[in-house]
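We begin with a single chain expressed as structure tokens, specifically the form predicted on its own.
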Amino acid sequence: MNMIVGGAQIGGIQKDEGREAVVARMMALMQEAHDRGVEFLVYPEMTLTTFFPRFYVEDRAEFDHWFETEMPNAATQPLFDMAKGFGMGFTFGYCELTPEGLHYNTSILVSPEGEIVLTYRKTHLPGHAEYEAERTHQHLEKRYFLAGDTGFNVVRNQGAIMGMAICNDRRWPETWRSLGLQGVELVTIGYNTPSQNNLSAEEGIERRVYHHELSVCAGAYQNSTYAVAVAKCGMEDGNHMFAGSIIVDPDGFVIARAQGEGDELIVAECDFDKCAFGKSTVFNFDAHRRIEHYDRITEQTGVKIEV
């Protein structure tokens, strides 16, 4: 089965840019995607707002205005309506505030009929929870979000088995294997990745982009799945986030890559029958996995040196 898949990279969103303006940019990319025959479109993490975890506030409730209390809502309904009119499935990330008052970094997968068929909340939150004066860049995701409670699930949408991850999740092999064990054929990953947010001066943009691409290509190959990783990128509020949006095939090869750091559409045709080869040979999990030796993976969190 073949499907034309697109990645809708979004350039920087400034603090004073409203939801309606952002959705208009998303719709322009969706129109371009429709014109190019795209059947399923992937947008980034936190698509609707600036990447506010770069800022510290003492009372985290001051940042609740960055969160959505319902989806779709008045600002995003036009995007849902356009996609339904095109018969196009899509996925995008946003900040979710639940009726119980819980804050999550969330992604949804929407069918061509306009129905939310899968919700995922980011599991692997990077960064820190308190202001760290010694840092040149703050990365406060742990302050503003809870670790996700959904786990890694899949859904059959438009004839393919799809699953989602968000940003830092792509670096963790557990993410990919959890989806791979459910036969995933397309993994979508939205990200907002600062070009530098660690203390090490050695970690520049080139290394970060390399590690991003390495993680996505390895995860796709080791689980015989297509992957679409899409950035929100460029300059935001004086801070830079790298681009590097890619579509990767089940052999781990990049088959589409963004060229710039602004709003940009990348497109590739995915032949999901190609997922079967790896799933039935090298990565035939039923034949080759040895879970009797993997206890440490789920029983232990940090490193323990006992030799």
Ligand code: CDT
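As the structure is a prediction and not an experimental result, all values here were calculated from the model. Each residue number is its position in the shown sequence, starting from 1.
Form predicted together with the ligand: not shown, discussed below.
Undergrad: Could you work out which of 123, 157, 178, 193 is the residue within 4.5 angstroms of the ligand in the model of the complex, going by heavy atoms?
TA: None of the others qualify; the residue that does is 193.
Undergrad: Of 167, 233, 109, 227, which residue is found within 4.5 angstroms of the ligand in the model of the complex when only non-hydrogen atoms are counted?
TA: Of the listed residues, the single hit is 167.
Undergrad: Going by a heavy atom distance of 4.5 Å, is residue 103 a contact of the ligand in the model of the complex?
TA: Residue 103: no contact with the ligand in the model of the complex.
Undergrad: Can you work out whether residue 96 and the ligand are in contact in the model of the complex, taking contact to mean some heavy atom pair no more than 4.5 Å apart?
TA: Residue-level check for residue 96: no, no contact with the ligand.
Undergrad: Does at least one non-hydrogen atom of residue 51 fall within 4.5 angstroms of the ligand in the model of the complex?
TA: The answer is yes: residue 51 has a heavy atom within 4.5 Å of the ligand.
Undergrad: Determine whether any heavy atom of residue 138 comes within 4.5 Å of a heavy atom of the ligand in the model of the complex, and answer yes or no.
TA: So residue 138 does not count as contacting the ligand.
Undergrad: Quick one: which of 149 to 157, 76 to 84, 170 to 178, 113 to 121 gets within 4.5 Å of the ligand in the model of the complex, going by heavy atoms?
TA: Stretch 170 to 178 is the one.
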